[in-house]
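So this first bit is one chain, no partners, the form predicted on its own, shown in structure tokens.
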């Protein structure tokens, strides 16, 4: 009898130990957090002249780190890998990422920090002027983005997917694409570098819906999510986000 009791106790303790090992630590308990981004999306994230990630999102997440008393390490990776990295390689993701129902199945999102809309980059003089004109066209997008989802649903369109939006823009300049769909602010940045060659189209003719950017954390990590949301609220209230918007995005 004693032997059976001892064996049962050992098995119970083993199960508890395995459960403890399998339990994930909340990022709220960490002093150092790893933040995933894709530094190919100016003015929200890009690589500066010193070779370091910079931009509105980078400045924002560093400000959040200061509010939380945490050291922030930026991990630059492909956009399409960001969601799967959360909880394993990263603790939080900020990358001009739009909140979607599909992504909500894998991660939890913070409160939104920016409202965006899609834009269409075309060569100057292009016949494209409305959403209907995109039918049957060869469209460049960054893989895994909202633009990728939109292009996939356009009748007869051929979608060319890139790891970097700038590569799509370069192919557009070289005549390999008819247009590029990307968020408005990056579109304006890309077009500004090619004045007289490219223009960004938007407005009611395309009927793109407004999108909300938010940060993503591991699904179920309610404590860390609350920490980040509280810090975000403070940064909104104290004017920090307004200052960062003026510095990186402008009016």
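This structure is a prediction, so every number in the text was calculated from the model and none was measured. Numbering follows the first chain given and starts at 1.
Beyond what is shown, the protein has a form predicted in complex with arginine (ARG); the following relates to that form.
Between the options 98, 170, 85, 126, the residue in contact with arginine (ARG) in the predicted bound form by a heavy atom within 4.5 angstroms is 98. Scanning 119, 146, 90, 110 against arginine (ARG) in the predicted bound form with a 4.5 Å heavy atom cut-off leaves one residue, 146. Contact with arginine (ARG) in the predicted bound form, judged as any non-hydrogen atom within 4.5 angstroms, is confined among 48-56, 66-74, 33-41, 194-202 to 33-41.
Contact here is defined as any heavy atom lying within 4.5 Å of arginine (ARG) in the predicted bound form, and by that definition not a single one of 133, 161 and 178 is a contact residue. Contact annotation: residue 137 falls outside 4.5 Å of arginine (ARG) in the predicted bound form, judged by heavy atom distances. In the predicted bound form, arginine (ARG) sits within 4.5 Å of a heavy atom of residue 183. Though the partner is left out of this view, residue 213 does reach within 4.5 Å of arginine (ARG) in the predicted bound form, counting heavy atoms only.
Arginine (ARG) is not drawn, but in the predicted bound form it has no heavy atom within 4.5 Å of residue 151.
Contact residues in stretch 56-90 (any heavy atom within 4.5 Å of arginine (ARG), taken in the predicted bound form) are limited to 79.
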